[in-house]
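Take a look at this single chain, the form predicted on its own, given in structure tokens.
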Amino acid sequence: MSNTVHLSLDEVSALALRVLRHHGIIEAQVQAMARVMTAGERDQCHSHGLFRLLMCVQSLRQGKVVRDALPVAQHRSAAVVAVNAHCNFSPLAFEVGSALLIEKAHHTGIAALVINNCLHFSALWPEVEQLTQAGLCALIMTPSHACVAPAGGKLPVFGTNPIAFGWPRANGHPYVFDFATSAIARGEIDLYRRSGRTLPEGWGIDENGAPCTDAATVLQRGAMLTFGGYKGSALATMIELLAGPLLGDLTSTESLALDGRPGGAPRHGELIVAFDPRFFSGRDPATDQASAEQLLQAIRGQGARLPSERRYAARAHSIAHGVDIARALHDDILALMD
């Protein structure tokens, strides 16, 4: 028997829908969550695909989620919209808020979407790409559960604290990056733990602050590390402040304390800032696009890869041929409906 299960993208979506409906989540949220999980598998970012069902169901079983809560939007100003997720998951809150964000950004030139009281589990690139499709530049950030030690420390303070950026392009895919300020996403370390693989050095430490390559030790007793030492630590701090206290929401340490039992989806806030390029330049937009393309081609022209190029290639392959997921993970997902 093969160690993997082959699925079409339609089958990936159907599996996510079945599990989420089984656990009684409101249908609008089910659809939004299935879309982002399918996007994760489609782009072969498996730690943000169907694997996230395990985290979400754990949160549901622990009573952390208000299954039937609908997000409520509030216009804070001409340029700021806030959406309260009311302790439901984040995808539907983003879908509700992003439509208002796009409208405000096109009207004022720059606008922000604040999402509060959401349980966040998804990658940020689907959100960034949606905004670039509206002709906007976008910057998104969010904290998490505290699992990352600051540079020079040994105790978890930060979450993986991802940050994403998108730049619309006239032709082809937008320029997008989406990465954790930790050395690697927490989900990746959990996949290493599940498969019994040894972690690369530099990803984590044990409870004494010593380098550690055992995934279970890093996750349960030690801490993950930031990328780039003090630089990654500073960026993680910035994200904690901008997507935590600035929004009147939780830091990663506060989110973990509230949860009490790590492993489920963390509850916190999310900050999304959108820029309409038409308001920032006094030049012909075509001139600005040409300047941006010249920069991007100067990178690609010397053989370097732009962020997301590998993901876009994986997307094309998955659309044409489907995806493979680990059989053990597939079995665990089916067991969620027992």
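We number the residues from 1 along the sequence you see. This one's a predicted model, so the numbers in the text were calculated from it and none came from an experiment.
The same protein also exists as the form predicted together with a small molecule; that form is not shown, yet it is the one meant from here on.
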Check all three, H75, V114 and T251, heavy atom within 4.5 Å of the small molecule in the model of the complex: no
Options 243-251, 139-147, 229-237, 206-214; stretch whose heavy atom lies within 4.5 Å of the small molecule in the model of the complex: 139-147
Single option in L256, L131, A180, V83 placed near the small molecule in the model of the complex, where near means a heavy atom within 4.5 Å: A180
Position in contact with the small molecule when the complex is considered in the model of the complex, options C118, A123, A105, L225, heavy atoms within 4.5 Å: A123
4.5 angstroms heavy atom contact with the small molecule in the model of the complex for E293: no
The small molecule contact in the model of the complex: E27, any heavy atom under 4.5 Å: no
In the model of the complex, Q289 touching the small molecule (heavy atom, 4.5 Å): no
Contact label in the model of the complex: E309 to the small molecule, heavy atom within 4.5 Å: yes
